[in-house]
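Only one chain is given next, in structure tokens, and it is the form predicted on its own.
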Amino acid sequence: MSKNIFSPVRGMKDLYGVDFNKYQYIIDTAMKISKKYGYSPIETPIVEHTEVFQRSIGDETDVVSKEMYTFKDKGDESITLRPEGTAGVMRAIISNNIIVSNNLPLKLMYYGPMFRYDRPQKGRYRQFHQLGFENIGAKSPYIDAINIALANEILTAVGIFDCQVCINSLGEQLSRENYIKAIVKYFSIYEDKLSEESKIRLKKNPLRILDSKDQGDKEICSMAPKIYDYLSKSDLKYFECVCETLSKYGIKYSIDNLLVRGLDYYSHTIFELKVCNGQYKDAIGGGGRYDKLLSLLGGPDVSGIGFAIGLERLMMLLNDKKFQPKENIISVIPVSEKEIDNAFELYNTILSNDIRAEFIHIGQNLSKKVEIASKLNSTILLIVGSDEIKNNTVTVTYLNKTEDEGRNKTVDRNNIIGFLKHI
């Protein structure tokens, strides 16, 4: 069967028009808010050595075992398109000695495309965009709460007011190991009833069973031991402080005992940001603490916490009408070839004053040029004919008005820039 090369690759999507406006609005808003929290931007390559993700995310995770775009380059090196942003940022910190040359905590934010070979569905693509934040060098329940507050503030600022914060704790390594023993014992009793995928996870990564989407698995998980009961006293105290601090922030949250996140590098606080408004019911972001990630990759033993927001999922929730272009689109139109040079001079003057404009000089007659300008969604026409040149004026035509409303207006050429800046 022949493929249509003019369609995007399955799971990929062109970003333009209203969607691009939404994307840029979210980025601009996030950068403004994160700046007051002390974050600086970083950009890492789209490709990394495959081992960066194997060592950080974990070989047994779905991301590494099933979803990564991995290939050999011409030097026979195993290269992977980044499936998430944190591992690449950690690698960049190590390779650039960023911690050595900066005071801690180090706060970095990034955005851009990520890639996972997953089943495409609404709000989920194989190339998707994430907005991410990493806070390195400070371990404190207050820092955890501040990160959640930052995520919540960004969502609120772009107009998402019905976000639910779901949190859990994975504790330190000993708490986690004790909990894993408990759930392996529990799930082994129901092994015959588990989905095939969860049977595999039972042997390789039992925590991931708790995140299963299979309905039968969900019923079994509902009665599984809760990690909260296996946290050490210090882990429990840490988590309770996170919860108390969120309450002081006025952030509503719920404890989700089945929340484990999909990556191996998490410890202590983990969280997800969920929207339930009838239009979309799923996580649009999440993250957690990763105190051993940098050292796992060969860097210093420095703690960290971070989160990411899925931009395609967030963009779905924003009102299209709000992101339609609202600015006046001005078209400069010479009546005939005789006025082209004079009209072009006016066009350049408008551009040099940072005003958006189009130059419509191709067309058999004035009516045809006006038609072209209309198709470009122009709202204001600046007509330059022989009379206008003689009188040093410009005829302004409003396409969104009728003749009765005063569609045409004559403006002195010397005052046209001031006129355009105040309409």
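Position 1 is the first residue in the sequence shown; the rest follow in order. If you're wondering where the values come from, they're calculated on a predicted model, not measured in any experiment.
Form predicted together with a small molecule: not shown, discussed below.
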The small molecule in the predicted complex: contacting segment from 204-212, 68-76, 119-127, 226-234, heavy atom within 4.5 Å: 119-127
The small molecule contact in the predicted complex: residue 291, any heavy atom under 4.5 Å: no
Distance check, residue 80 to the small molecule in the predicted complex, heavy atom within 4.5 Å: no
Partner contact for residue 84 in the predicted complex: the small molecule, 4.5 angstroms, heavy atom: yes
Residue 268, heavy atom within 4.5 angstroms of the small molecule in the predicted complex: no
The single option of 333, 284, 93, 259 touching the small molecule in the predicted complex, heavy atom within 4.5 Å: 284
Answer option from 306, 88, 171, 141, heavy atom within 4.5 Å of the small molecule in the predicted complex: 306
